[in-house]
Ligand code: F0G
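Only one chain comes next, encoded as structure tokens, the form predicted alone.
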């Protein structure tokens, strides 16, 4: 039976519930520690949820990266790992899966997405280059900067407004892209960095029309488009649901068409592809592939394993096939929406429309009394853990980091706390618990105090920074 999309279930069956298209075969017990123990753990972690031991966490919504539950077929594939140093058969299975599903001819496996970002940046960015993109992502921008480039945000203005209901808030503003190219010259723009969906905007999608028009624009200037395809499966769902002409097309067909407008892509397979480790970089240009294949040997491993075991590549190849099943994608996004609808019904400010992989709480509106320098999103993540043992993460001024030229904080308009839903891990009952905890924290918002940063690492500070209560 095909599982109807959750939002249309009422129209089709009246008062009939929907269920996940899988059953549970193995369980991992969860532990709940007392509020007093959570307070001690939070203080010991410097109020940074990344520094909490997982044994002290009840429901872990820190990230959907590598936290997925693999299927029985993926686990069976793990037993077929060919651990040859060179030419593992699992590499060829992965190569075929990427060529079939994403359409790129040349594949370089990496240990995870940031390994692919590093290789691409080193291969194509020169000192002084400018890379336009539809909102920064932390590791992507850092690799671009370390290679000598500068990132310029060219996303549409609606993406910075958490209340905007624009259906494709991840879209590129074509006027902004062209202005960048004309300002610095096409030879200083190695590529447009396109992400689908846009994580930092709240998991917001890019339309097919937008990528089609972007392709036409960049072709006029001879500029490449490289795609962060980490959550493109979810992006394909939103195109299917919202864009005219795509309702009757499969997720797999939409994904392939979107990728066909780009010159290459990188992916953290720890998200859409339903594995716990792995990534890849794939391109159409053989000369670039040759450069990447040389670089991967330096930084990751031989070009037929790229820092991965054969069993990991096999699980990834199987996960790619499972990830584009329409029933799976509808259920995955349906669970995220279920949580979002509960919070919206209770009047709790979140980013709208609800994205594909997470609920983004609008900490700026929840804590209007806290200035950005008191880290409202970090504060909200700490309060949620203290209340219930639920781990979320900050996506605001801490994640934005500092301008390498001025040393000042980047000050994003969006100050968000992310509740990220792992794939095939939690049930609807867990989402009820999460929603009730958010409401409890929201109800106590007026008496909440902010934080002061007391330790700041040089790079990607949100992972290891430490704070204390004001």
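Positions refer to the first chain, counted from 1. What you see is a predicted model, and the numbers here were worked out from it, not measured in a lab.
Below, we turn to the form predicted in complex with the ligand, even though it does not appear here.
From the list 384-392, 341-349, 113-121, 184-192, the contact stretch for the ligand in the predicted bound form under a 4.5 Å heavy atom rule is 113-121. Using a 4.5 angstroms heavy atom cutoff to the ligand in the predicted bound form, all of 65, 228 and 418 count as contacting. Shown alone here, residue 199 lies within 4.5 Å of the ligand in the predicted bound form, counting heavy atoms only.
At a distance threshold of 4.5 angstroms between non-hydrogen atoms, residue 289 is out of contact with the ligand in the predicted bound form. Proximity of residue 137 to the ligand in the predicted bound form falls within the 4.5 Å heavy atom cutoff. None of the heavy atoms of residue 169 is located within 4.5 Å of the ligand in the predicted bound form.
Screening 337, 328, 270, 93 for any heavy atom within 4.5 Å of the ligand in the predicted bound form leaves a single hit, 270.
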